[in-house]
Ligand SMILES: Cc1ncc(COP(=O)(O)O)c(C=O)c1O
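Quick heads-up: it's one chain on its own, the form predicted alone, in structure tokens.
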Amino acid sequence: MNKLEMARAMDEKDVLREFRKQFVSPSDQIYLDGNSLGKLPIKTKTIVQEVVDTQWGQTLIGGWNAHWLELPQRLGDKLARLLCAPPKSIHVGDATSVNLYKLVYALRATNQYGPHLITDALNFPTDNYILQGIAQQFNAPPVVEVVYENEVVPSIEQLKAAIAATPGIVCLSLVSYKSAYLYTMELLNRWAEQHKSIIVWDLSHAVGAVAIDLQKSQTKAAVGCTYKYLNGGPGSPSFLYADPAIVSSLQSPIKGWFGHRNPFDFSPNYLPAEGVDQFKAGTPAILSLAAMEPGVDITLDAGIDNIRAKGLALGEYFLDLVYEKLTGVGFRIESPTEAASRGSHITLSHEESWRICKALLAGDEHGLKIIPDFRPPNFIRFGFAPLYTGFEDLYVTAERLHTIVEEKQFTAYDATQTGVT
């Protein structure tokens, strides 16, 4: 059985194959950027139209009591099921950066941990910006950034040594945005606790693709976005998790009216809501929250264990193709090759990565476009969203990559970069 026959056989046996029909999928493209922005669930269009036309258009202000006040909590409870978190421990709303700011600031203000803010070179840059700003606000020591020998895998021993030497609040991405390296949560959470530290996990490149158990892993704090593998839509609201065992010791630095215990009493004095609800701030973004729900529902329906199993299989199949077809034409693997240490995207590099991306996006002679994404300096990320990515998609992609380089088709494109790559 050749690789194409193998792909078709695996697609035929795929337990998630019917879920692909629940997404808008143009026939002239292969979409491998679900690790950046997920596809549009078909049901989302119907729900958003209902919210606009009926709930807002007809019900007007009555929509708050009829539909909207309970929406953030409903979504939080669904995410709690997905992440194996206690009920009412997840706040949904605001951007990931805002939630990270609120959570790290609140933890730093308790003085229960060491004085340092710690991150590493694999973390998403925005997270590091947030830490830098908080360090300035507290007049704290500069952010400790652990730098490794490469951008693929961290040195866990080096990271542990930094936490032991400079204890405090650590921010890590569970799955690295560049290489897809997957950290071992429980091991690092235990280490942090032993050294007067706490880890705030950014789950953005993991949630909806990797099985996460916040309670079993003894995770105390986390944030994450919903527009990647959860298919919530561009800029959809993020979430914030705080373990009920620590949340009573925290105070959100943004004391907004929806974070008040009784917001519609319109009291002149602030009284924080109980639990994680204190991290609510302004009025919930109802249209975005409504658009987010179908993607979460589909993920719960499919089952995260099924999703993870297929994601691993897609990754292994793609790596086989890379070894067979692509390493000989200048591609390098920039992700962990061990499946258990990897999320659901694989990163390749090539000296002509950006122009190769342009050739993929332009389409082949049949008009078929392949959509990955590019990250400086020369990384191409291929995201495998198991709900809608098929094995044959990856075969076609590897063939196309080989052709683009072998025939030097990339030379037809210049190196000018667009605003979003």
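From 1 onward, residues are counted along the sequence shown. Because the structure is a prediction, the values reported are computed rather than measured.
FYI, the form predicted in complex with this ligand isn't displayed, but the following is about it.
Between Thr299, Ser173, Ser252, Asn231, only one gets a heavy atom within 4.5 angstroms of this ligand in the predicted bound form; which residue is that?
Checking each option against this ligand in the predicted bound form, the one that comes within 4.5 Å is Ser173.
Of the options Ala165, Cys84, Ala211, Ala95, which one has a non-hydrogen atom that comes within 4.5 Å of this ligand in the predicted bound form?
Only one listed residue qualifies here, and that residue is Ala95.
Does any heavy atom of Gln132 come within 4.5 Å of a heavy atom of this ligand in the predicted bound form?
No, Gln132 sits far enough from this ligand in the predicted bound form that none of its heavy atoms falls within 4.5 Å.
Is Tyr227 part of the interface with this ligand in the predicted bound form - any heavy atom within 4.5 Å?
Within the cut-off, so yes.
Answer for His345 alone: is it within 4.5 Å of this ligand in the predicted bound form, judged on heavy atom distances?
Contact with this ligand, no.
Is Ser204 close to this ligand in the predicted bound form, meaning a heavy atom pair under 4.5 Å apart or at it?
Contact check for Ser204: yes, within 4.5 Å of this ligand in the predicted bound form.
Look at the stretches 102 to 110, 121 to 129, 139 to 147, 283 to 291 and give the one with heavy atoms within 4.5 Å of this ligand in the predicted bound form.
Of the options, only 121 to 129 has residues within 4.5 Å of the partner.
What are the residues of 300 to 319, in order along the chain, with a heavy atom within 4.5 Å of this ligand in the predicted bound form?
Heavy-atom contacts within 4.5 Å come from no residue here.
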